[in-house]
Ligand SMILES: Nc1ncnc2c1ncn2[C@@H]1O[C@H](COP(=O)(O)OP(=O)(O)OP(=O)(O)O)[C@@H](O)[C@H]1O
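In structure tokens, one chain follows: the form predicted alone.
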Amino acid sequence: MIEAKGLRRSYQDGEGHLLTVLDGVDLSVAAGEFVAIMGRSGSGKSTLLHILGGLDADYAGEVTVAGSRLTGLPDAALSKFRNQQVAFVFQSFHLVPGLSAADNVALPAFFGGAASDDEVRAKAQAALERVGLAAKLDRLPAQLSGGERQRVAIARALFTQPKVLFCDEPTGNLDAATGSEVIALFGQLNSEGLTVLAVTHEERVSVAARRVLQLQQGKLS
């Protein structure tokens, strides 16, 4: 499902020095796996996730995800890939404050096709039901708890029925109990066949994964 070979990514720091955050990273994730990548803050975890998810094209190496070779793809093709093949859950929920839970979930429909309003609404409701929020589809984000907002973000990620779910510190803004509920949801989705790749510095996320890797000094092990 995910194949990365020789990934290298460097940035210039504030003094103009070249900082290498990924130094020849190789990664293989099979369909249906739940893999956690751990590392301290600044280790390059998010950078790796953004490359694998088609958000960052400025790297050296080769990446293939869900049968799509990302290396060298133009922006339009990368946008289509992100909309149809993969989805993201971030530490910050990235919900639109003025939209209901259902409308936030349905946002990918504005970029991905010409489905009718009824079809979009039904898909959004089904996604919210899947994360246990069927009764709150008309609530605004401000009317939801932190855990509920993250569930809306997960429902939005599930809206397009992605092949891979990328999670970037998904419990970072949640308390212990709520975070555990969200992690359990990831485990449930994975048990249903969804490939999950999470980057985190939290042990509680790695415990739920089937495989845990460490990213240190630009190397994955």
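From 1 onward, residues are counted along the sequence shown. These numbers come from a predicted model, not from an experiment.
The next section is about a form of this same protein that is not shown, the form predicted together with the ligand.
In the predicted bound form, A208 stays away from the ligand, with no heavy atom inside 4.5 Å. Contact check for R69: every heavy atom lies farther than 4.5 Å from the ligand in the predicted bound form. In the predicted bound form, Q188 stays away from the ligand, with no heavy atom inside 4.5 Å. Of the heavy atoms in Q161, none are within 4.5 Å of the ligand in the predicted bound form. This chain is displayed without the ligand, yet in the predicted bound form the stretch 46-54 from 188-196, 46-54, 59-67, 153-161 comes within 4.5 Å of it by heavy atoms. The candidate spot formed by M1, Q216 and K219 is out of contact with the ligand in the predicted bound form: none of the three has a heavy atom within 4.5 Å.
The partner is not shown here, but in the predicted bound form the stretch 159-176 reaches within 4.5 angstroms of the ligand through a heavy atom at E169 alone.
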